[in-house]
Ligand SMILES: Cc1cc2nc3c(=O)[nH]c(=O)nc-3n(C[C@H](O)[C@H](O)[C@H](O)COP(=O)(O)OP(=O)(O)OC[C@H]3O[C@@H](n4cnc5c(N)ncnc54)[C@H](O)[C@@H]3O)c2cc1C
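We begin with a single chain expressed as structure tokens, specifically the form predicted alone.
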Amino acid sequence: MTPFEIAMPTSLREATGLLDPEDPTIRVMSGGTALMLMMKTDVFHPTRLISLRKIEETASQMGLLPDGRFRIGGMCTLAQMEHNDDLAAFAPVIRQTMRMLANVRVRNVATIGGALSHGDPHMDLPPVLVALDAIAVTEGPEGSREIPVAELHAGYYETVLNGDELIREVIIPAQDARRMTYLKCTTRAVKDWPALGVALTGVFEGDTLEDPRLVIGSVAETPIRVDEAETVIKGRSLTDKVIREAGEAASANVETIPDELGSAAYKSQLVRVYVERALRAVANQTV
């Protein structure tokens, strides 16, 4: 392994000051689960790693805000999110997702800020956070800014983050009585990358689904919100006929990309099947 420096800043602001947008060999390390794999396989050769392990404690904390939103510090591990009862009560879909995500060892060290910044399209959290209408709050030399998670990913391993900008925290708006679910298709192999993930949230007024948010992950370079399927189900009861129509609309309008986990045609069929399953799951939930 090529020798490199390690910096240990004590604040997020100090960490951003150590970054150089013009030098891609300088990287921040939070949990390091993806970064270490890239280094071990000679995909990435750093000249300097900036560890975030000693930055302010608030970066590793989470909790309900006075205005009813929920804040998750960028250094919170996935295991912290899985086991936090307040977060589970606020958005049960996050605990549901975590229990299917990778394995305990990964969840113990991987952080939400690192996971979102990595930009890997085969991840579970991005479509879930998009369906929850979450916002990533960043820190950089010019200050902070808010980026909807729906706009964070720009392509394959690409985000809209600047080269000297880090995710400080993730804010999830109040979900009130929204029902929510996340389903994924995976082989449960060692690396556990999903071939497809479907996140769905919505409010029921009686038997009628209102304000649905349907997001597909892992079939393209970025999470996809499926407006066409949302139009089918919005304001309607989730009968078998409506559910089938929504599945067909999603399959017809989500452009899938083939990869080692399946062909484009196979993934299109997965979209149809798993959208139908997600709709049935929320229809059968009790709040």
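The shown structure was predicted, so the numbers you read here are calculated from the model rather than taken from an experiment. Residue numbers here begin at 1 and follow the sequence given.
The discussion below concerns the form predicted in complex with the named molecule, not included here.
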Exercise: residue 135 in contact with the named molecule in the model of the complex, heavy atom 4.5 Å: no
is_contact(residue 234, the named molecule) in the model of the complex, heavy atom dist at most 4.5 Å: no
Residue contact check: residue 103 to the named molecule in the model of the complex, 4.5 Å heavy atom: yes
Contact of residue 256 with the named molecule in the model of the complex (heavy atom, 4.5 Å): no
Candidate stretches 207-215, 79-87, 95-103, 171-179, one within 4.5 Å of the named molecule in the model of the complex by heavy atom: 95-103
Every residue of 9, 140 and 145 near the named molecule in the model of the complex, heavy atom within 4.5 Å: no
Listed residue (220, 242, 35, 64) with a non-hydrogen atom within 4.5 angstroms of the named molecule in the model of the complex: 35
Selected contact from 149, 72, 91, 166, since only one has a non-hydrogen atom within 4.5 angstroms of the named molecule in the model of the complex: 166
Heavy atom within 4.5 Å of the named molecule in the model of the complex - qualifying residues of 109-147: 109, 110, 111, 113, 114, 115, 117, 118, 122, 123, 124, 125
